[in-house]
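Shown here is one chain on its own, the form predicted on its own, set out as structure tokens.
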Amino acid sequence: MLKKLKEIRALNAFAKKQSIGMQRKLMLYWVSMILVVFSTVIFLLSIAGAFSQDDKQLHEVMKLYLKNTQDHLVDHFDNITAKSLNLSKELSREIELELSKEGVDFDEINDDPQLLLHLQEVMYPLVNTTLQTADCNGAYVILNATINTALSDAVNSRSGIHLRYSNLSSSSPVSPTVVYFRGISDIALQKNLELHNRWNLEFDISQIPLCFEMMNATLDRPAENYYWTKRINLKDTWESSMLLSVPIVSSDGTVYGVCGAEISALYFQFSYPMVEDKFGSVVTVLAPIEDNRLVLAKGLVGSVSGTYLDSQESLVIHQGRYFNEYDTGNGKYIGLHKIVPISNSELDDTVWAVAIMVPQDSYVAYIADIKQNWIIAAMILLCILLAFSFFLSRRFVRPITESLKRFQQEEMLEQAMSSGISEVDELAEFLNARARNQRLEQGDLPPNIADLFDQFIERKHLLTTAERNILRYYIEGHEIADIPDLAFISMSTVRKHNRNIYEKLGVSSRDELMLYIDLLRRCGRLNELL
């Protein structure tokens, strides 16, 4: 490459003295070099990501995923809410009807096991129907009453029914097997239901957020006062769930209790599986936002198989141009989120958000693959341009070098071969004529060649005495290594004189200087240089 650049420099200096023909050919070579430089710049820009649209593309994909997931989740929760509101309405009517038949007020059902059993027998079909028709894994009803008010924990103990599906799987999220989780065991015997291995007679409402407040609030319509609890651990089990709480309100405004549906963490995972995308594994999250954090421990997380996302973590939200960054402390996710109004109650001010995210490591790996493809494509382009440049340069330089070799070896043919360069062909024609002993006058030389030689000889007057002596040694055929001994000077001094000689005579190297000397010798004008 360095040798090529030296050739270009010498030819460039030579071309400045020539007619437009050689300049045009040399310009073509430089254009090819510019193309190589341009491809290199494109290559570097591609590495820096200047041409990458991946962030914007990820934003569009995430936005589409988020919209589809949000629509699905909102429809899902709206369906459960509608079923639960209808359950509240039916329960209110049936409870009010049974109390009327018994001729008692609601406050009188405390400490009356038979009446509570009768009410549960009435409520069971309605709860079971809700479980079967709503897209959930559990349905329940809690009355604001207890079998024994004398117990120490009676303030938190409430009678009711809680039905749940016992075996959930990814192939069948909703199983037909129903277990009896809470309620009077007589109902389970009547309905031939299996008791949950952590069955209890009554609910512990201290485990259900805002349940006590809702039962003692003054409410008008259930549709205006329902809410989803944050994720809670089900007492005495390893499971955790979110509960929809809807008040059961009588015609006179008495709150009989609450009812609703359950979505467990496991059920949510099966309902919102992870989606494999070219950017990575897409995970769905429903969680409350608190202090610019997405609190997974209080919400539900879809399937996280193959990722490091922990459902007990809290994600710090960092807003970005195309997507957000969610920092778990142990790892980072990127994605988008949007607020969803799944609750409607003055008792609960939780801000819920649905989020779609992928592991940042997966996205970084995808970008690395894209950059690698860019690099390969740029390298191929660069090689093609380099090969094209090399081809053009050889095609231009080769005729000149071959002609000069023929000049040096005096192998000029009677009918000279054309080099494709007008100036070289004119000089070859002149030397062929001289080789055939055709004596020519100086004026018979091609005008542009004669002018070139005249200018070169004229610049000899710029040389100092010492520089002329060095030039004479070169004319006599001595090599540069011979000069220090002949002139009694050091090699560094010789090099200094050489630089001055090249600059004053307008050449770029010793090879170009020797070319002029050889051509002047052949033209019989070498003595003018002495």
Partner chain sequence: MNLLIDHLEDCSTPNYFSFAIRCEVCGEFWYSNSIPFSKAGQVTDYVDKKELYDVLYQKEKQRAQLAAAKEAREHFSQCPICRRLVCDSCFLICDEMDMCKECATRMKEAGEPVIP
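As the structure is a prediction and not an experimental result, all values here were calculated from the model. Residue numbers count along the first chain shown, from 1. What we label the rigid core is the largest C-alpha set whose atoms superpose within 1.5 Å from one form to the other.
What comes next is about the form predicted in complex with the partner chain, which is not displayed.
Among heavy atoms of V37, none comes within 4.5 Å of the partner chain in the model of the complex. None of the heavy atoms of E479 is located within 4.5 Å of the partner chain in the model of the complex. Residue contact with the partner chain in the model of the complex: R472 places no heavy atom within 4.5 Å of it. Taking the partner from the other structure, the partner chain in the model of the complex has a heavy atom within 4.5 Å of a heavy atom of I489. Contacts to the partner chain in the model of the complex (heavy atom within 4.5 Å) from stretch 451 to 476: T464, T465, A466. After superposing the rigid core, the C-alpha of S490 moves by 2 Å or more between this form and the one not shown. K504: CA moves 2 Å or more between this form and the one not shown after rigid-core fitting.
When two forms of a protein are overlaid on their rigid core, residues whose CA moves 2 Å or more are considered shifted, and I470 is one of them between this form and the one not shown.
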